[in-house]
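In structure tokens, one chain follows: the form predicted on its own.
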């Protein structure tokens, strides 16, 4: 089985891109499965089911969705192997720009849209910098010059990635993406022992444990203060 992890900011078009790409993969006779990680609510699993793609979903609730992903991706991989998928797609929640749900030796895709602003690539951390493929969406809404400037910004942050434009509504570019996602030479049986490409956001403070009161006397653990004198 092949495993692909796909992440990106909220509403960047991750699910739409996956569904259009899956159409091309299924035409090649490949069996596709999907898992959707989210925070509080998602109906993306309904869209996968309508497309005939077996899907599982997990909601992290009050937990960090990235930590929830890492805690459950091994079990999800075992499910995919059991179902004999050729390709299992793991779609993350629309995460904060610091997050990094990528695993070493597992293909990583970041979906980002042209409408997020030309400076957005510089605001995104490992989620963009560590990706193998960067998919830029919603290019039909902006001008050619804006597309080129945005793509140049992505390249400056991650010059080693394959940068592609995909339209999640029409499917333009989805076939080209499908040729990069499935590798006949890759076979994943388990993720046990593999490592993340980058460490997760770290925090263990009183607010993580349920504290709601504001003030230094209520703050314990991993707390960082802003430098107002030199900033």
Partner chain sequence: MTQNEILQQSPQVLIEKYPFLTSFFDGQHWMADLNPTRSLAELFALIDEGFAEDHAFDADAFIGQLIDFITEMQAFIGNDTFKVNKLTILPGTNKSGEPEGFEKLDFEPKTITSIVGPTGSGKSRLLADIEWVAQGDTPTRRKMLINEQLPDSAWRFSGNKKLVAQLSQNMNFVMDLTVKEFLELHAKSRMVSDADDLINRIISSANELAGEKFSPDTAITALSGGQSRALMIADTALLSQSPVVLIDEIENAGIDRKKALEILTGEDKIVLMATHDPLLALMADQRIVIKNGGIHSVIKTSAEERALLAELEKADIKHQKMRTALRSGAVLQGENLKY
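These numbers come from a predicted model, not from an experiment. Numbering follows the first chain given and starts at 1.
Although it is not shown, the form predicted in complex with its partner chain is what the next lines describe.
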Should the three residues 26, 50 and 190 be counted as contacting its partner chain in the model of the complex, with contact defined as a heavy atom within 4.5 Å for each? no
Which is the contacting stretch out of 34-42, 55-63, 182-190, 199-207, given heavy atoms within 4.5 Å of its partner chain in the model of the complex? 199-207
Only one of 142, 96, 106, 76 has a non-hydrogen atom within 4.5 angstroms of its partner chain in the model of the complex; which is it? 142
Does at least one non-hydrogen atom of residue 84 fall within 4.5 angstroms of its partner chain in the model of the complex? no
Do residue 46 and its partner chain share at least one heavy atom pair within 4.5 Å in the model of the complex? no
Look up in the model of the complex whether residue 80 has a non-hydrogen atom within 4.5 angstroms of its partner chain, and give yes or no. no
Residue 30: touches its partner chain in the model of the complex, heavy atom cutoff 4.5 angstroms: no
Of 146-169, which residues get within 4.5 Å of its partner chain in the model of the complex if you count heavy atoms? 146, 147, 148, 149, 151, 152, 155, 156, 157, 158, 159, 160, 161, 162, 163, 164, 165
